[in-house]
Each structure stands twice: as structure tokens, then as C-alpha cells.
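There is one chain below, alone, in C-alpha cells, taken in the form predicted alone.
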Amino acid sequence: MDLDLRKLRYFVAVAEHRHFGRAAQALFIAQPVLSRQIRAFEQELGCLLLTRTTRSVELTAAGRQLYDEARRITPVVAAALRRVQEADRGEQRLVVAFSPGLHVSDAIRAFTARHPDVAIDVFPLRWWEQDAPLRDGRAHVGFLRRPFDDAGLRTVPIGRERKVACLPVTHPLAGRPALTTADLDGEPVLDVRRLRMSSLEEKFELIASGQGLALVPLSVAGWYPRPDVVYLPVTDALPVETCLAAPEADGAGPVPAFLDIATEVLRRRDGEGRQDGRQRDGAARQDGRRSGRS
């Protein structure tokens, strides 16, 4: 059977709003039309996608599976259509993805200065999603943290980043100046294997409420300061490698030039950041010694 992308888009709207009326408003169509389209979609697929009551709409097991698939399918289709339209207009566009806490603005400014004819879009990655947008066409280049599946990708190492433990201020370990991995043995760790979370905000909310703790890169901690959460260095935790990545097959257009420029800019910035960090650590140690003598 052929997949009707319009009906799939209608189904996604209902799945997200859990209400036919609100979904119809978001789609700018009449509610009876939307209801007929969803029923026709279920008949075409041969399975029930939604259970309807007078108050709510819930997904069946098949509906939940289709919703998960649709969230991958619809962005790929939208990206493909965008590329077709850009090719027809003779435009060049580069979509740069970046992991939470990582910054690509310096690299983009340097690239734009040399290639002003290339339009740039940025694509913020969800914390649990790394290489997928590079594979499905939503992004051309990514500034990522390992680990991720680099099969079929060209990767360029940029630097390394320390990890810190994120835990609620009420935790017995919260008052320590630093931790080791042994200190965290037996602690409930929030990650994708234990619990799927849609955002870092949700993750930190769970940590603050005492549902677990997490090891996060230092730059992520800097982006999410909270009075009910503490970040402590983990002295023996392995650092996280940051790198640029792009599909190996994407060797034409603006991608190679961006990789060259971004590698130079981001490696230089990473080196300066490490030097600043060492200077801050040294100043802190000197302050501590002076305080001890006074």
C-alpha cells in the first residue's frame, strides 16, 4: 500500500493534541473532515490507531508505534522537499546541527564571511539524538559529542570536555567539593536506557525532584543553572570527545569548506577555553592557600 503523507500529518496532529477539535484548529480544517480522514487512514492501514472517548483521545499500541515512526518520517520528507525547491531556485543552504551546550556561532560567522552566498540554518539537537539528522537529511553538518554511530560519517575531532555529576541539593553527596565514580555506585542514573526524556529541562526537573542523578558535560551544566541542583566534578570520569561530523557521501557543495573553517575555529577556541580553565583553577588554588595562611 502507499502511505498517504497528508493523512499521516493529520494523525500526528491528533496524537500530539490528544483532541480532534484542537488538532483540527492547528491544521486549519474542519473537525468532521479530520475525523473522516483519520477513520479512512485506519481503514487503509487495517488497524485501530486511536481510542476515542467523549473527553479524550488515546493512542493504541499501533498508534504509538506509528507516531514514533511518523516523527522520523515527516522531517525527512520536509527536508527532501526543501532541497528540491532550493535546487530549483539555484540556492545553496547549509544546515548545521549542534548538541546541547555546544556553540557553532563562531564557526558560522567565519564561514559566512568567506561564503556570503550560502544561507545558514541551525538545528538544535535533542539531548538523546545525535547522528540521526545527518542521516535523514535534516542537517548537513553536526557539532556533536561522542558516543554516536559514526558509520558512514566523516568525523573531525575538535576537543574534549569534562563531565560533572548533576544531583539535587538535598542529596547526601551534594555538600562535597568533588566526587569519584565510586561515590556514585548504586545511585539511580537517569539515561535513555532507564527512562526516555524529551528534553534536558525534563531531565533536570526529575533530578531536582530526587528521581535520580546524571553525568553531564560541563558545558551543559553551564546552560542549565538551577538553585535546586548542584554540579560536582567527577575527578576520574573520562572526558567527552567533541567532533564535527558529516555524511561521507556529502563531499560536494558547501560542506567541505564549512568543515575546514569550523575545524580551525573550534579547535582554536577549545584550546583557549582549556587555557582559561587552567588559569581559573590556578587562581582558585592560590586563593585557597592565601585563605589558609590568613
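Definition used throughout: the rigid core is the maximal C-alpha set that superposes within 1.5 Å between two forms. This one's a predicted model, so the numbers in the text were calculated from it and none came from an experiment. Don't overthink the numbering: it's just position in the shown sequence, from 1.
Beyond what is shown, the protein has a form predicted together with the DNA; the following relates to that form.
Heavy atoms within 4.5 Å of the DNA in the predicted complex belong, among the stretches 241-249, 254-262, 54-62, 228-236, to residues of 54-62. Remark: residue 39 counts among the residues lining the DNA in the predicted complex, judged by a heavy atom distance of 4.5 Å or less. Among residues of the shown chain, residue 32 is one whose heavy atoms approach the DNA to within 4.5 Å in the predicted complex. Fitting the two forms on the rigid core leaves the C-alpha of residue 261 displaced by under 2 angstroms between the shown form and the other one. Core-aligned CA deviation for residue 30 between the shown form and the other one: 2 Å or greater. When two forms of a protein are overlaid on their rigid core, residues whose CA moves 2 Å or more are considered shifted, and residue 234 is not one of them between the shown form and the other one.
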